[in-house]
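Only one chain is given next, in structure tokens, and it is the form predicted alone.
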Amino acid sequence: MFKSKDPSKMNKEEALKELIYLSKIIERHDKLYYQNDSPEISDSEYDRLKGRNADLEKYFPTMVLKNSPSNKVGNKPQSKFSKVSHKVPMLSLSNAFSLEEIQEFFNRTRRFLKLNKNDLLEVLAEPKIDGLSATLIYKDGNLVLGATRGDGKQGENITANIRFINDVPYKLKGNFPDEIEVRGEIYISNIDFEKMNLVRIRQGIPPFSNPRNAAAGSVRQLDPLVTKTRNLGFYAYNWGITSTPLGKTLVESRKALELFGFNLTQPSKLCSSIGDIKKYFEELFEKRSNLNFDIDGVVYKLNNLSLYNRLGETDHSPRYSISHKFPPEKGVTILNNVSFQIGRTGAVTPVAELAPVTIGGVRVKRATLHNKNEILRLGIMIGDTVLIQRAGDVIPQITGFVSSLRSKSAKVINFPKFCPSCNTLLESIDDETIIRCNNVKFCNSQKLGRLIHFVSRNAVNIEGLGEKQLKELFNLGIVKNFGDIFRLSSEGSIEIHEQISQLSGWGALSVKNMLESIKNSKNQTLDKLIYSLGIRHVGYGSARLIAKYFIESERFIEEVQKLNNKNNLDKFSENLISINGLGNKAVDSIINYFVNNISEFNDLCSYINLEELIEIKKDTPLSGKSLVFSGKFENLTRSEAKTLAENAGAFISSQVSSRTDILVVGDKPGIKLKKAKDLSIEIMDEKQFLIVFDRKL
């Protein structure tokens, strides 16, 4: 896989290599999508590949390949159906992913038509159904041919199957043309898709990954009677050849198609400004989960048909229309079971075990259910068909279930009474929704959870020692506490190193790299050390407040080591209480932790070299500002960026809100960018962010 690089920084040899790679990988995914109905990547990832190819071709126009993906529409028809040549090519639409790109479409169209700002330019907005494009030819009102789009020039003859699709009239109504070609989308409703997959799962057959693949697979059955059982639908949205015009505008022509007996894509809206478009797009985005069919965006088409010939088309898309894509975020699958995990603080978290489903390009098998109250609120049961949502970096979560598909064998989700890890009786506190295991010292799940937190990126940050590796070393008894991690890097641990290198997935080089990372992580600031301990109610912000209060690391450690004396304990408690921003629960947790874990803490401190805390500047452009970060940065990690901002006096938040001052964006910022724009929040890219610190890319 090529690492994305700015085309302006590439030479011709680099560009050619990536263009060849992109042509091959896109061709492979085209075949999986169009011919096998079994895509391996999400629509958004596919769009990213196509967009990257287009960007390179734009910058290196003399290097466009003969088999460039930009010159293709769809894919070659399968051999099991006879071929049909389209008299009018079935082109694909150009994609836009932001309101700015739609505005540019308007600007480009106005320039092409030589219109001024005051000339009305109407577009009809309608849902972009995620189905299979098809065309129907009628002569004297009778259906004579049905075909898929194929590669845009040739499709597959699916006439026998299309006769069994709902909403496809055999005979047209009203005052129809002698010959007309009606184009539209074959789809399957969400409810029927869920039912179909439920049956397939129970029969041991792999479920379809999304409604589009289900519709495509259903219409391509060699036995038309199989198609008949799939309950497919058809929405008309356009036309090809027609012996007489349907109207002067798109709105008039759609009305004619409706009178002929076709269902049209709805809801639609006539828009004359970018404001109208923005409102329609946002309203449809909100409604999409309530529609009975899957959509992946909005299509905008000029209403004035007389402009179509003037605008013309490129080799693969018309200039009078464009699609505005949604990011895929939701899915439907079966809740097979619920397991219960014990975290580092003893909290019991129910985890949904799901029939695998692809959402936003990620294969999801598990989702959080948060707590007992959330399960009661959702009303879900084991065996239900559940709705899954995943957005940005958020952990997949269940948002509801399809009540009409609940079977009689569905089981109530019962919380355990005893800890699944140590068999201790679980407890629930009245003012908390969390059920907790309070066996802090001897519950292995909690001990392992604290170790995993300890080595994480925002804590001591030991690379090569993640959850999987730590779990293996913990189960073997090699790493039982924080000090054991650092003892791995001692010269007397050669036998252990050899033992680890023999384990599956390890080798001499990976062990060497891990040990090097452990040595490097011995240098820590006090705030990172406190945060890495995983003390309940103590996040990184609280840890930094404590470190700033004590100023000298040695002073903090000395006070902790004297807590066995009541007078010292009271003094330490008073110090913590006096720290502005540190809550009572955090204070109690800190004292409780150090009183009960002083030996382990002293052992850890014998390996740590504490460095001075960087003084936070109070006279920078970011001082007192609330910052949110989104996307991937090219020149620094997200953690480094946040540290820079904090040292410049900024406050870091994870979510965009009305209180956010600046959103700092990298590559693929996601929905946070849209929300920031809606709230008129200042947006800063990586280059602008680094300029604040006199750093250049």
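Residue numbers run from 1 along the displayed sequence. Bear in mind the structure is a predicted one, so any value in this text is a computation, not a measurement.
Just so it is clear, the following notes concern the form predicted in complex with a small molecule, a form of the same protein that is not shown.
- Only one of 155-163, 519-527, 314-322, 540-548 places residue heavy atoms within 4.5 angstroms of the small molecule in the model of the complex, namely 314-322.
- Although the partner is absent here, residue 445 is not a contact residue: none of its heavy atoms lies within 4.5 angstroms of the small molecule in the model of the complex.
- Contact check for residue 92: a heavy atom falls within 4.5 Å of the small molecule in the model of the complex.
- Taking the partner from elsewhere, residue 129 is found to have a heavy atom lying within 4.5 Å of the small molecule in the model of the complex.
- Among residues of the shown chain, residue 299 is one whose heavy atoms approach the small molecule to within 4.5 Å in the model of the complex.
- With the partner omitted here, the residue from 234, 293, 454, 237 that has a non-hydrogen atom within 4.5 angstroms of the small molecule in the model of the complex is 237.
- Contact with the small molecule in the model of the complex, defined as a heavy atom within 4.5 Å, holds for exactly one of 575, 626, 221, 133, namely 133.
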